[in-house]
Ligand code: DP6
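Let's start with one chain on its own, the form predicted on its own, as structure tokens.
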């Protein structure tokens, strides 16, 4: 049974008035990372509430850089007055998503209707190809808006700043709630994760073995085109999915199993949980109505070669997937030499134009 959630989140409503405003013009810039979920969330209800808790590695090299130019506008101007520039060129395709975002957050940051904005953004990775570009993009924009609010409320605590940034980012893209901090971030309420909640992401609160704090992630770009199915469409397909409740239960149980694996440095358990989660995500898409196969033939070849290499070498290399064809190859830092040699010898040729990204666990967003 799908639940209806109502979150008032009064703690994020502003205590200042619109008479208190930042300088009339200026700019702010943040660099915000993408993330890769280990426990996946797939299925949500409004407003942007996950049907199960998720946890992700914050990445380091895959990030979005956003500079927000602002200036006070005339009272006669339209309510939300902004332009979006992506990688140096004006991009009107992003307008509907950002306007919807502004509408959702206006009661929490009412100054968004008082300024004219130019949003200049760029990614360090291909847009809309299965890497969480909406997560890094919306979190970077949310952080810029929070820096603008910080100019009004100069007594704002650091904890409140980042919690509210995650809260706002979530209203733009669910997974963006996990792209503020690092190295492991939980989003969604779970009985075994202290402090976890549906409103914003929280840093994973328990001890983790050092092996997980320096994990590597080589992202194999099997398909650099636009995703076949948007995340929003994919999440909506869970509403009447015959296996939805079983999937939510599976994700909750896998989160419980992951806690001791992370604490004890149990790589075998970690690998089993992470790979099952990736395949379960794609299984949901393959059995939805309408149904989709998001993996490509080379995605499957890569998975099979990873399984074979792990079996014959004993190297703890594993994979995970987002809602696309690209493969995230995860492995401990201590196994970098063996894993990188395997990737070069057997996997790079399966990427589109041999393209891949070397990444690793990161610590979160940076003010520029």
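This structure is a prediction, so every number in the text was calculated from the model and none was measured. Residue numbers count along the first chain shown, from 1.
The protein also exists as the form predicted together with this ligand; that form is not presented, and the subsequent description refers to it.
Open item on the list: Would you classify residue 175 as touching this ligand in the predicted bound form, given a 4.5 Å non-hydrogen atom cut-off?
Closed with: Yes, contact at 4.5 Å.
Task: Close approach of residue 48 to this ligand in the predicted bound form, 4.5 Å, heavy atom - done: Contact check for residue 48: yes, within 4.5 Å of this ligand in the predicted bound form.
TODO: Examine residue 57 and determine whether its closest non-hydrogen atom to this ligand in the predicted bound form is within 4.5 angstroms.
DONE: The answer is no: residue 57 has no heavy atom within 4.5 Å of this ligand.
Task: Contact test in the predicted bound form: residue 63 vs this ligand, heavy atoms, 4.5 Å - done: Result no; residue 63 lies far from this ligand in the predicted bound form.
TODO: Select, from the options 315-323, 66-74, 335-343, 297-305, the stretch whose residues sit within 4.5 angstroms of this ligand in the predicted bound form by heavy atom distance.
DONE: Of the stretches listed, the one contacting the partner is 315-323.
Open item on the list: By the heavy atom within 4.5 Å rule, which residue out of 134, 288, 196, 218 makes contact with this ligand in the predicted bound form?
Closed with: It is 134 that has a heavy atom within 4.5 Å of the partner.
- [ ] Answer with one of 91, 224, 113, 231: the residue that has a non-hydrogen atom within 4.5 Å of this ligand in the predicted bound form.
- [x] Residue within 4.5 Å of the partner: 231.
Open item on the list: Taking this ligand in the predicted bound form, would 44, 235 and 281 all count as contacting it (heavy atom within 4.5 Å)?
Closed with: Result yes, every residue of the spot touches this ligand.
Task: Residues from 190-205 in contact with this ligand (non-hydrogen atom within 4.5 Å) in the predicted bound form - done: Going through 190-205 in order - heavy atoms within 4.5 Å of this ligand in the predicted bound form - there are no hits.
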